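A lone chain, given as structure tokens: the form predicted on its own.
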Amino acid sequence: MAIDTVPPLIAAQLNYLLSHSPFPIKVEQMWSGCKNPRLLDRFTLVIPFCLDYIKWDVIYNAVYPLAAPDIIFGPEDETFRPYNGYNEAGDSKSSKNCLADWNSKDPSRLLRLIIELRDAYTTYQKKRVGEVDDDRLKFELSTMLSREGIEMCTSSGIDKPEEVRFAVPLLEMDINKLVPGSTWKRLQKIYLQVMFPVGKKSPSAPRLKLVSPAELKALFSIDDFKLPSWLEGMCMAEYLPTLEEMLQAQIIDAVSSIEVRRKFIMVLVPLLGRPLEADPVFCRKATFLACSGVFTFLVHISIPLQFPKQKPALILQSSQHFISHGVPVKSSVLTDYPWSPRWEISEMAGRIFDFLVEECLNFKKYCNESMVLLR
């Protein structure tokens, strides 16, 4: 829906929230709560929490946009009362919160409110987990108290046994600073999701999964990382140091691989010329303009994270042959050429060049045949 149907004061609050939030918040839906259905003054926020999402409805009043909004929490959180006894250490009446001194003309107020409520929700879920009657869980909690940033919650369903889920932030290193020129807008963090079954007489190993932002896949794929085994009788305090040591080593290796890929692209320059386009940060892609006689074409090179263990993938694209709607003719993905990760980078580049010298003739023939079929 058009943003100009949102009252200006509310729109300013929402836009500031979406552009300045330290965690990725999304708007799931917007609707009107007043007589004029074109004035959208209510919306659902999808907020990340414990490697999942919570959904809260934010209820403004378009007729009275200066008033603070109401927040409606999910049906599973009926006992969540963030401002009841807000300051348990002192006088709750004197405690200040974002709603107590609301200023609708300050666009940052909604963001401050959501962060405050999310912090309160984190404390609320931690208290609920602490009340679970499970000796093993209580022991695990006691061993992880010194770790900062852990989020936790309980989960259960009709056909699902009760579990406690942990989101454990890993590594103290700042991954963003390891990659010069990175355009990441948010801090890249890797988490371990831990699912503990509750109430079992014979405790089984928890379910473990690594989770990271999608943007991090340009540097390091957690899908390719093999978690260390969980040994019988082990606890999280024993498991995490080994995991972090392995993970840190692979992250550092992934960062050093950027320079290897950069050198590979540079070695291709004397053979194919300067690239028309190249990924300057992660060095995963490069496009060169090549020719064979009067036939000119583009060479798209995709370099895998596991380079040089895995060979680059090539796609040829004609600059002279087009199919319907002006779409250029392209080859299929080409990887059927000689390769060895033990070769020097110069030999790798030379082998690709030799392959292209022959393959471009096949591609030219394919382009001409494609044009005949279209006539």
Partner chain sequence: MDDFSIEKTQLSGATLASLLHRSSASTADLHGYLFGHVTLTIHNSLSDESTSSATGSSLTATITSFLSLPSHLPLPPPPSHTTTTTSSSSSLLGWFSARRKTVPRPSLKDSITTRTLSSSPSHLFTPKNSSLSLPPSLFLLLTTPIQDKLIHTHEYKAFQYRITDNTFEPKSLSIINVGPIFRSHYESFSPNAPFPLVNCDLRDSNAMVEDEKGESLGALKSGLKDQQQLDMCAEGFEIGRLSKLVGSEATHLTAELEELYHKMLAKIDGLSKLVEQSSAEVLEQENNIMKLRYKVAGLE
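Everything numeric in this text was worked out from a predicted model, so none of it was measured. Residue numbers count along the first chain shown, from 1.
Although not depicted, the form predicted in complex with its partner chain is the subject of the following passage.
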query	finding
Non-hydrogen atom contact Ile190 with its partner chain in the predicted complex at 4.5 angstroms	no
Non-hydrogen atom contact Phe220 with its partner chain in the predicted complex at 4.5 angstroms	no
Non-hydrogen atom contact Phe139 with its partner chain in the predicted complex at 4.5 angstroms	no
Residue contact check: Arg81 to its partner chain in the predicted complex, 4.5 Å heavy atom	yes
Option from 247-255, 223-231, 176-184, 73-81 whose residues, in the predicted complex, bring a heavy atom within 4.5 Å of its partner chain	73-81
Heavy atom within 4.5 Å of its partner chain in the predicted complex - the one residue of Pro338, Pro328, Gly33, Pro341 that qualifies	Gly33
The unique member of Ala313, Val46, Ile323, Ile59 whose heavy atoms fall within 4.5 Å of its partner chain in the predicted complex	Ile59
Heavy atom contacts to its partner chain in the predicted complex at 4.5 Å, residues of 100-129 in sequence order	Leu117
